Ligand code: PXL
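Presented below, as structure tokens, is a lone chain in the form predicted alone.
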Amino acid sequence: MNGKRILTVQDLSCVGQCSLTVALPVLSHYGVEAAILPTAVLSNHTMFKSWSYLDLTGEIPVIYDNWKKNGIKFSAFLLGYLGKVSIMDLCEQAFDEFSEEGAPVIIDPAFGDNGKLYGGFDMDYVAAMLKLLHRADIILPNLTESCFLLGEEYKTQYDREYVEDIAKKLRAATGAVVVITGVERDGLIGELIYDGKQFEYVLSEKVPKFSHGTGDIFAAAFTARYINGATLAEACGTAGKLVADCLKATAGWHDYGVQFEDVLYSQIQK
């Protein structure tokens, strides 16, 4: 461990490989301390046919009060699935009160994919997320989220000019370094990075599978590597390879989540 402590703010699904269930082990695997702020406890993630939801928003001020008393600070922040607009103000409070000097804020908007919003989200949530992204140093939206944030047309077939224009507009709208995930080009898939000066693609083989929670795995691996000194491209490369390896290790189309444990274990054995 290198003394870095990341606060990740997400929900906790008791069953199912997503959100905090994957963020904790992945962050730890890549050598950072994973502190958590659970926004809700779910019986299981929402790809199952039924689930329960316990809102923890009311407990967050109590948690903050004790962090203040104990002098707790964080080296970085990683935000994932928040679920409610009211939590966003609490996130900004955390940035203001619990940041070590220079602590970066990394946000995965986590509200949609494949041209659609996830269930329970609406354009009011999207507008609130755009406001929150002004506090971010790095944002990790997929193309769906990017288009919703900007009010742009979502396309499944697009050229380089289209996706780079989206990246430019996101940079102008938020001021953050933009990392658009799931960008496809020339039969490959990966990320488009735009820091306001240049575009950089990190692309690799596309695994023809889908699974719930892969974005959460990507965000955790990216954040840990970046906080440990990797460049944006290096962090994307590590995170993208981890997701691809996890998909390959998981049989079929698996809404439960990928078998990331096998992949992390194999890395330890090398």
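The structure presented is a predicted model; accordingly, all values stated were derived computationally and were not measured. Residue numbers run from 1 along the displayed sequence.
Not pictured, yet referred to below: the form predicted together with the ligand.
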Next on the checklist: in the model of the complex, is there a heavy atom of the ligand that lies within 4.5 Å of any heavy atom of Tyr81, even though the partner is absent here?
Outcome noted: yes
Checklist entry - Hey, in the model of the complex, does Phe199 get a heavy atom within 4.5 angstroms of the ligand? => result no
Next on the checklist: Please tell me whether any heavy atom belonging to Leu56 falls inside 4.5 Å of a heavy atom of the ligand, as the geometry stands in the model of the complex.
Outcome noted: no
Next on the checklist: Test of understanding: in the model of the complex, would Thr46 fall inside 4.5 Å of the ligand by heavy atoms?
Outcome noted: yes
Next on the checklist: Exactly one residue in Leu27, Leu42, Leu37, Ile227 has a non-hydrogen atom within 4.5 Å of the ligand in the model of the complex; which is it?
Outcome noted: Leu42
Next on the checklist: Is it the case in the model of the complex that Asp11, Cys18 and Tyr118 each bring at least one heavy atom within 4.5 Å of the ligand?
Outcome noted: yes
Next on the checklist: Counting any heavy atom within 4.5 Å as contact, can you tell me which stretch out of 29 to 37, 232 to 240, 212 to 220, 65 to 73 lines the ligand in the model of the complex?
Outcome noted: 212 to 220
